[in-house]
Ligand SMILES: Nc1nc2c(c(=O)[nH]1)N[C@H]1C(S)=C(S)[C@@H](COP(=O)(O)O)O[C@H]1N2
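Consider the single chain below, provided in structure tokens and representing the form predicted on its own.
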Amino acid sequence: MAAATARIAPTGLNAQTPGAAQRYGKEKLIVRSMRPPDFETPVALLDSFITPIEHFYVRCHMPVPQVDAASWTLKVGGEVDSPLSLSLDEIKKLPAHTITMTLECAGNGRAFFEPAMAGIQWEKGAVGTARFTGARMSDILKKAGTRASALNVEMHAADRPMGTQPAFVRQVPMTKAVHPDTIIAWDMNGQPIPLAHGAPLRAIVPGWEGAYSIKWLNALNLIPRDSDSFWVATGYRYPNRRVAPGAAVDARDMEPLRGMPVKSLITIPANGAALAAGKINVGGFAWAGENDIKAVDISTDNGATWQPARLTGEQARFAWRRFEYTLNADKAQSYLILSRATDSLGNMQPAVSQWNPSGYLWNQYDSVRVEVKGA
């Protein structure tokens, strides 16, 4: 168990590759892909409650589109009484709502699964927390007059597929679409959403895996059934039962991903750090999708015993929670520090993540190993 969590995965392309991260102000991030841009945040840059935009990870399925905010429209159609085409200015006239949310790619941690599978080899940094401001999706749907026949909302984006790749479409059920914290955002951390993060409009679907928070949003289509889009019918699905690592899974045994599992991330000390004997500060964040964090525990004996960490700092429903712990490391030796979070429903991080063919929802105990030297 400990060996798996401490495994070092490939680090990806150099973040100084010309024209890659610099173009989007992401010079300090790890480049996992240049086209489309996929940038991962080093764990050391995730040590603040709000992740600065320049440190926020980027996930794109397709090349970033060219956009013109002045001519941008959001179309609302399908099972509505009055189809709409709203400009950015018209949307900004609706009541604004701000939500603090931890956004995580469903594939965060994919690099640690064994056997390995295809896909971006994220390690731990495809996650971040931001404050998003926008109009409630429910207010926009209300203007269009939602019909009783509407079961789901298809969300369409302006980015265009490469080759035979299907267009990126995601779906939320009406109950989630009209949740008061589901918004159409134009602002991130107090400034207009940057292009790489979905300008000028991005759906924010709190507590669910990051692909639901679709970027470059330009259409909402209300439908009386499930979408037949590839990204709904085939992509972002997870086995409804445990499967053996490496096993093939029948499509009938897969269900759509929604909420994210309970998880923790140690941000200090750094993995591999050499430290002086004495009191060592251990800290990081824990999150659980739509649920709150109830507790975080720390172990330094391979999980044989656990000690409670302190939950500190700001608290928001859909955002991670800071944890802190003081390790009394008086003995010169190697320490493997494990963290384990528990959410408000009693769900606890597992010792080993459930393998699945897409490499989603990696959430086993986090770990860092440090070397303590004598005083």
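Everything quoted here is computed from the prediction, not taken from an experiment. Residue positions are given as counts along the sequence shown, with the first one as 1.
Below, we turn to the form predicted together with this ligand, even though it does not appear here.
The candidate stretches are 207 to 215, 174 to 182, 254 to 262, 267 to 275, and the one lying within 4.5 Å of this ligand in the model of the complex by heavy atoms is 207 to 215. At least one heavy atom of F168 is located within 4.5 Å of this ligand in the model of the complex. Interface residue remark: K28 is not counted as part of the site for this ligand in the model of the complex, having no heavy atom within 4.5 Å. This ligand in the model of the complex is approached by Y236, whose closest heavy atom lies within 4.5 angstroms of it. In the model of the complex, no heavy atom of I293 sits within 4.5 Å of this ligand. Contact check for H61, L103 and D159: all three have a heavy atom within 4.5 Å of this ligand in the model of the complex. Taking a 4.5 Å heavy atom cutoff to this ligand in the model of the complex, the contact residue among V282, L141, A196, L74 is A196.
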